[in-house]
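Shown next as structure tokens: one chain only, the form predicted alone.
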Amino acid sequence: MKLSNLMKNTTQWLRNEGENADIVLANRIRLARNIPHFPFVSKMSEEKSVQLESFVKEKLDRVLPMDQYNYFILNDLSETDLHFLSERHLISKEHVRGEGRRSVTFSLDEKFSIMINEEDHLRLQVIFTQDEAQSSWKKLEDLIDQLEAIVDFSFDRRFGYLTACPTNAGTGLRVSTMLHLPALQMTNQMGKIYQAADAVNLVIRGFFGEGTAGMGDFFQVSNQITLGKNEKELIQTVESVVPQILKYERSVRNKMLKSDRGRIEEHCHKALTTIKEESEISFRESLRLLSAIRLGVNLELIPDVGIKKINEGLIQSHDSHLKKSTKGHLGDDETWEMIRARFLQNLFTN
């Protein structure tokens, strides 16, 4: 399969539907596992990384229906392709920057992905919409059980599953929800969300997760530690806090509409006008503009624009997606900021 074929679909991260789709973009559960007798990835030689990748691939072939999965060795991909996969949240930024033999396999619908030789030997993740939470966790749990039947994972009776980063030890599980919180950001109330999350050992990160800041009012909420609680408890902790954030965001949106509707309407429509008129738009600016338009659509201030179109723009306006769509070619005196501006203009005029 060619990676360019993925361009035809909106990534699974942004297909969320349902009553909370105005704020919740997607949810993710990720498990970290390591294999005894192999050093952690940061201490692994090139030879060992090749051996581990080959070992894991053979095990995955035994438990996965490979006709329903794509498999790529990252070392064989171009820089653009690597960032393309990262933009779709199929691999992490650390996986892009890594050394040694690295690979990824992901399902055709992009819901499941397994990174090999990222920070840990294996990083398994499932991305799901709200109504798929239980079924998605069950599938991930079944997959890890099948692997554990044929692979020994590094485990300590006291500390649980051992991981490269001590904060992941225990279950090795991270639960995260991606949220769109423009009202809280506009009213400078995100600080309260950070404090409330920290009180229950949750952490707020940016659009691309760990080590990234919020851009375009998009944030990820995830558990901060994995030791001392089982998987269901960690999932429930995140699930119990997210509804409170949704309630707070909606409350602030409603107050803004009542007290300053004109300003909010101007803010949202100005973003749409900017996209239609600007000849160059940076990626950071595109997220800010799309965030404002998304808010306007959800508040019914901007008619005739669908959330699906906005979500498509959130992914397709990334640098590597633009490079894939143009096969990496720029015309005379063209910039990627110009290509992005034209893409967004076409998106909102068709």
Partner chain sequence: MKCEKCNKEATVFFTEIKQDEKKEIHLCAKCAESYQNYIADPHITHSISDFLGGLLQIFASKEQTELKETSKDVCSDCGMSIHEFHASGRLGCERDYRVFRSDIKDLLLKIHGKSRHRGKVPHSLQKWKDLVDLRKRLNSVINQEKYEEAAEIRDKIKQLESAHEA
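Not measured: the values here are computed from a predicted model. Numbering follows the first chain given and starts at 1.
Below: the form predicted together with the partner chain, not depicted.
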{"property": "Residue (of S240, S259, T273, Q134) lying close to the partner chain in the model of the complex, criterion heavy atoms within 4.5 Å", "result": "S240"}
{"property": "Candidate from D76, D145, E99, E79 lying within 4.5 Å of the partner chain in the model of the complex - any heavy atom", "result": "D145"}
{"property": "Residue stretch of 225 to 233, 264 to 272, 67 to 75, 84 to 92 approaching the partner chain in the model of the complex, non-hydrogen atom distance within 4.5 Å", "result": "225 to 233"}
{"property": "Heavy atom distance at most 4.5 Å to the partner chain in the model of the complex, all of E19, I23 and S282", "result": "no"}
{"property": "Non-hydrogen atom contact G306 with the partner chain in the model of the complex at 4.5 angstroms", "result": "no"}
{"property": "4.5 angstroms heavy atom contact with the partner chain in the model of the complex for S42", "result": "yes"}
{"property": "Touches the partner chain in the model of the complex: H180 (any heavy atom, 4.5 Å)", "result": "no"}
{"property": "Exercise: M186 in contact with the partner chain in the model of the complex, heavy atom 4.5 Å", "result": "no"}
{"property": "Any residue of 297 to 329 that, in the model of the complex, places a heavy atom within 4.5 Å of the partner chain", "result": "none"}
